[in-house]
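Just one chain is shown here, as structure tokens, and it is the form predicted on its own.
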């Protein structure tokens, strides 16, 4: 199930310079963003675990990039 709303994703694409964006393109971008975000979250959690913390911190997320 999709977590990200479509409107902000469409705005991101338009802010990148697109004049027009199809609904299919917005949905595809949303799916890719959610997949990437989940991968980053898992890696950030590993950094927190390695530091013996339960809380994922900003530095964990930045290190996961």
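Just so we're clear, the structure is a prediction, and the values are computed from it rather than from any experiment. Residue numbers count along the first chain shown, from 1.
The protein also exists as the form predicted in complex with a further copy of the same chain; that form is not presented, and the subsequent description refers to it.
Remark: residue 54 counts among the residues lining a further copy of the same chain in the predicted bound form, judged by a heavy atom distance of 4.5 Å or less. For the chain shown alone, residue 50 is not a contact residue for a further copy of the same chain in the predicted bound form, no non-hydrogen atom being within 4.5 angstroms. Taking a further copy of the same chain as it sits in the predicted bound form, the stretch 42 to 65 comes within 4.5 angstroms of it through a non-hydrogen atom at 42, 45, 54, 55, 56, 57, 58, 61, 62, 65.
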